[in-house]
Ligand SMILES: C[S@@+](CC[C@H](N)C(=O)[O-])C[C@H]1O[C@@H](n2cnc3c(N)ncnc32)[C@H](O)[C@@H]1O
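Okay, so here's just one chain, in structure tokens, the form predicted alone.
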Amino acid sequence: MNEPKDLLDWPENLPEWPRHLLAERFRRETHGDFPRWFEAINAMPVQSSRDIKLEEDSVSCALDLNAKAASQLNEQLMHLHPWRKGPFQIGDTFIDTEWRSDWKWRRLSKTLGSFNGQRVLDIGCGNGYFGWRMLGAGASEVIGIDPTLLFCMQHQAIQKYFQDRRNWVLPLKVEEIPNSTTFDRVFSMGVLYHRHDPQEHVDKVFDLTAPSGGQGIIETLVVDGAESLYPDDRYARMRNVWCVPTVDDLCSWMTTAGFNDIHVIDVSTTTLAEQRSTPWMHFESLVHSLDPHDQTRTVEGHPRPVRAMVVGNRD
């Protein structure tokens, strides 16, 4: 079985160093489900898209498919379950993702404004939803990185119709990006609390942010109070949560890293309408992570998820 050409087609300005990593990770031997994902993408109907819309809540494109082809498209996209970030509207198929990521985008964009001409790095980008919204706001290019291969394959499925070489989702870890590669804006959304050393991660965000005007944006779970939370075991049923910081600690880490003019964009409690199970993500979601008798607490007894967005500039 040969990989689709798109999977070996990297951004033209991508340096040589990661190409062997990408070629190695976009292979059927890398993951047991890769052949199934690959076949689903290959089985999607071939169709030129039109009316691609990046500025609406659902990133969308129109397709001229008959009923049989439309059903086939829906079936193949469902083979790439679970869909976490979105929503997307691909032809007649509405991908109702676990997260209403458009709500988070609204909280971001009302403060960040235009992305005109900016080159952006999205760390932990998932399937690339935010990259499309950033392009819709004027970005010149978005490099998304996420080590979860399924999310990269979901992006490949969307790219089958969008075919836009300005938005990339690559199976790389942030540690694999050299500090010599900098971006006008660096986003880390939903990543910090999965890091053993949060200061080290914030330092890396700073290093990848272009000097003389670049911005780093960190979005993370936070807790209210005087001290950050270091769970002994799980947090909201997630195993790999090492630190849920206070907003003050997050701002302090950003100051230590070298950011200035640090300001909080938003602090919001995650609601059951923003993160939930759907036919496109039918595993357990937020409601299953909360104490059924006290939804201000997680099932482990921790404060329920609250998320903060903080921005810092680099001189």
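Every value quoted in this text rests on a predicted model; they were computed, and no experiment measured them. Start at 1 and count along the sequence shown; that's the residue number.
What follows is about the form predicted together with the ligand, which we do not show.
With the ligand omitted here, the record of contacts in the predicted complex names 194-202 of 154-162, 71-79, 225-233, 194-202, defined by a heavy atom within 4.5 Å.
Checked against the ligand in the predicted complex, the residues L150, L112, A137, M189 give one hit for a heavy atom within 4.5 Å, which is M189.
Proximity to the ligand in the predicted complex, defined as a heavy atom within 4.5 Å, holds among P87, G124, G91, G214 only for G124. Although the partner is absent from this view, I145 contacts the ligand in the predicted complex, with a non-hydrogen atom inside 4.5 angstroms. Contact annotation for F130: at least one heavy atom lies within 4.5 Å of the ligand in the predicted complex. Within this chain, V174 lines the site of the ligand in the predicted complex, having a heavy atom no more than 4.5 Å away.
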